[in-house]
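One chain is shown next in structure tokens, namely the form predicted on its own.
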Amino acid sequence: MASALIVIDVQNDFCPGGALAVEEGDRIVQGINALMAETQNDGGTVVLTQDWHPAGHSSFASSHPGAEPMSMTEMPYGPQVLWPDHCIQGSHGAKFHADLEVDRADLIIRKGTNPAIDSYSAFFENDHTTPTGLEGYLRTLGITDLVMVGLATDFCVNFSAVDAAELGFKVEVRQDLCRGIDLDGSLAAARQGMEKAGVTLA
């Protein structure tokens, strides 16, 4: 069976010192590098995702006068966390962590490029209908099994894993190679949701 490693958003803004830093986000990089090498040695595929927002993105608190970062708002597609400005196209914060072996990627998927819709999942924007193209790529290669790592466990990893499981992929999340934000209990809720969707938490 064909497998792929999906490395989610290991970018400067999600690592210590970044605009939306995940605690110990940089601590997983070397382990991910080793897993990318192992995956390719076993004939698997490596995909990296990259948050890639235009300036003034609608998910930024700064785009909503008077709104505080990490507060909630209602978008046409549902509830949305308003984030600090992060991963702006071409910025240092949007770049992959310097130690991540980016050249191992068979494909890089950029998401969150539509200024009107945020995109947590590697598969769909937050309207849950607009695809990124990743599913088609994986299907074309006959890939059935996915391993997911990266940032953050309770947002982009979680949404990607649940979407993949619902699309019929066999999904494993390597918790040792993820780190979470844990916004108001979001980490526990994400783990529960992933398990309910049939995702293996390894």
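It should be emphasised that the depicted structure is a prediction, and the values quoted were computed from it without experimental measurement. When you see a residue number, it is the position in the sequence shown, counting from 1.
The form predicted in complex with pyrazine-2-carboxylic acid is left out here; the points below concern that form.
Undergrad: Would you classify Y120 as touching pyrazine-2-carboxylic acid in the predicted bound form, given a 4.5 Å non-hydrogen atom cut-off?
TA: Yes, contact at 4.5 Å.
Undergrad: Examine F169 and determine whether its closest non-hydrogen atom to pyrazine-2-carboxylic acid in the predicted bound form is within 4.5 angstroms.
TA: No - in the predicted bound form, heavy atoms of F169 and pyrazine-2-carboxylic acid never come within 4.5 Å of each other.
Undergrad: Contact with pyrazine-2-carboxylic acid in the predicted bound form for W83, defined as at least one heavy atom pair within 4.5 Å: yes or no?
TA: Yes - in the predicted bound form, heavy atoms of W83 and pyrazine-2-carboxylic acid come within 4.5 Å of each other.
Undergrad: Do C178 and pyrazine-2-carboxylic acid share at least one heavy atom pair within 4.5 Å in the predicted bound form?
TA: Output for C178 is no: heavy atoms all beyond 4.5 Å of pyrazine-2-carboxylic acid.
Undergrad: Can you pick the stretch from 37-45, 134-142, 154-162, 24-32 whose heavy atoms fall within 4.5 Å of pyrazine-2-carboxylic acid in the predicted bound form?
TA: Looking at the other structure, the answer is 154-162.
Undergrad: Enumerate the residues of 10-36 that have a non-hydrogen atom within 4.5 Å of pyrazine-2-carboxylic acid in the predicted bound form, in sequence order, or give none.
TA: Stretch hits, in order: F14, L20.
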